[in-house]
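This document contains two forms of one protein chain, each encoded as structure tokens and listed individually as structure 1 and structure 2.
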Structure 1
């Protein structure tokens, strides 16, 4: 008599098919819930590195059928010690494509679509298709961008309460050596990434005088080649940290500098780590944080248990120390709040509106692209879209927005001052004076 094999979803069924005391308010146990998760929930994994590989594997084994993964990097030899989905013969291939292929080979029934590109290259409606976004990133800038995208879908009612159908939840994981974090971000309810940006320590900076005159470490030699020598030789051409030829040039110059001052320790991998601010990664930390993120993803989409509230920290050095902290949302947050209030006359053209954003004290936006309810009003790039939307610049914004008294628009541009600018998305509440009884608004309170 043949022995029946245990179902692969046995443990999952214990969570989804039975009631419990810690379940969410909308939880309805039963096989229909399990099947709906497989058929209707689409998950986007951002990043296919050490943490991303673990996330893809864990989410596939948790029962999610439709996954997408986006990553702009190619596989390097230095990745192989912890990014377990990759092999030596994969070096040079896109991480997203190889990771998707490997997981689908091992987990029957899962469908993973890879995207080998920058996250900024995807239109906003690409992200709107997903039920939940899971982040496995090593960059503060990339987290900020995805956070702004997800929060950009959020709409508020007349009493500034978030509309549930517009909420795009996120689960964010991060690791640094033996330390890691897992957090949930429910826009409008929990603090978003921008609300708690202070959690991330500032990047270490070296005084230029030390780099130029008295280098003492291998890192000083590398940063000299990166920050000083590159500009002397290449002029206005920007250094591209993802270009192997550029990285090789910095490494060669750093070696010369180190030899001149008798400083050991300059290697190609260390050069990459210094220039790209790479933190040594440990496979076990990635596995632990990924497991926490996958569980939170399941809890959010199913309601089978209360979710994390709302930030988990893990420290494997101090006796496997784990702690959960509840951070508070910033109600005036530029990203997850109702939006920055902008009051305009009906005659203001799109070009004049864009110019005003550069001087706005809370925005300081340059190179702005503008969209309204999915329609491109003006796009800075690519050139073909810029040419197609250029004629809108001389038209009144009021007309381009369909003559409504007030509405939300989204702008994409570079925020900040000087050399500290970075790409960002912002949500603006535009109100036109004198339309349908709209009175003048006190901008001191709303801007």
Structure 2
């Protein structure tokens, strides 16, 4: 038997260079596959925290060469029990930058570009540049946003099948204590984040009357101090959870209230936990979930094995339980479906169109910005862009879209009513009445 030449891809080569039977449909093993992954695949890692640090390490050692990482946070002391790329002296520095630097120092040849900013600050073009997006986030809102961005690229053909070149796959991980999940999202094929949003129930909030009138638990006393007493005493100065003096004030007020009512259990640490909604986190769970995500990323890109179909849960609380669930798409999903169909007269101005979205029963969108094929038609912010695009408001949308009979546009705004609004991105299919070519749009598929 021939002895292999020493190579740094000794182990990965077995998987990428050798044929197998239990592999993906498009698997073409060989050195070209290994080299193409290095040269042509760009992966975006969203989040450089507990999962993000692990993901960067895992992807760098799983054959990927070009990685980007985006995170708006700076390093804190409480990150150090799991975010292994950071040291005490890094506290205060941007996570994305330190994480990228540390992995590049250790793994030769890998190229990581950090982005120290909010995910909403990047233009859509930025996201379209990646072959695959891996999410290491701890918030439902951020997942929802990236999901909407990736699904926004998806286009359907005339038979309502997703067009392959517009599919931007995602791999998503999440953990809490000894539990976690990893999932694959292939827009148009698997459910998207929004199709199964019910998996993330909204956080339970205490009724204000309980806090004000019938407190029973330590958490009630803390939330009273945080949400009611703070405003009574400090008026317009808002509470800053990162200011230790503010936290100390809430804590001592909570203690007073607890003593008044004979309620045990208020501690400083518990106060922080309640006020900041701290989710406990440990290194081992992050390592497991991130590595599962990195492995799936390799499999999606290379076809070197079957892929997870499509949602893995891990629970190490009582023994060890893993489970794979195949969730199904919501055919009417606003985000990964073909897009809400909007019929307009050619004369409708951009301003009138934007107003209509606010009343649209399925959209309820306010503070809307509009993009068509990468071109900003109207932007709410920043002020300089608002000023530049303001004159478009009085022009007919038909003209602004270049006089086509129908096309997809993206709108960005606040969805929902009252105090339940949240920022979101929606894909819309706009059709103009009385223009030639209207016959080929598939009205039946309109969602």
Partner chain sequence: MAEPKTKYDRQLRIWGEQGQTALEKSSICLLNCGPTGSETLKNLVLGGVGSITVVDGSKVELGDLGNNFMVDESSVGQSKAKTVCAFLQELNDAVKAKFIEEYPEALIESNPSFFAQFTLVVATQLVEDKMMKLDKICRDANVMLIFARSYGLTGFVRISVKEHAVIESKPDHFLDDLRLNNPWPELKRFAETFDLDTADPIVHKHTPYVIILIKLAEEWARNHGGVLPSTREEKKEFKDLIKAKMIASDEENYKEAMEASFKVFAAQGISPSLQQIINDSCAEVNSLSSDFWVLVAALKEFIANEGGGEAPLEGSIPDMTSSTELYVNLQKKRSTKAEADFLVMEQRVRKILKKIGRDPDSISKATIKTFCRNARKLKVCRYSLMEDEYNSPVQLELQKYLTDEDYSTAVGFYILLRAVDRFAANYNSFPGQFDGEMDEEISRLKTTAVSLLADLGCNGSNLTEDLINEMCRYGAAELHAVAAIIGGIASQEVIKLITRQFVPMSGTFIFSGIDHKSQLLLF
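Only the largest set of C-alpha atoms that superpose within 1.5 Å between the two forms is called the rigid core. Residue numbers count along the first chain shown, from 1. What you see is a predicted model; the values in this text were computed from it and never measured.
Comparing the two isolated copies of the chain, the second one is the form predicted in complex with its partner chain.
Taking the rigid core as fixed, one finds a CA shift for residue 257 of 2 Å or more between structure 1 and structure 2. Residue 241 is among the residues whose C-alpha shifts by 2 Å or more between structure 1 and structure 2 once the rigid core is aligned.
Core-superposed comparison between structure 1 and structure 2: the Cα of residue 126 travels less than 2 Å.
In the core-aligned comparison between structure 1 and structure 2, the Cα atom of residue 269 sits 6.0 Å away from its counterpart.
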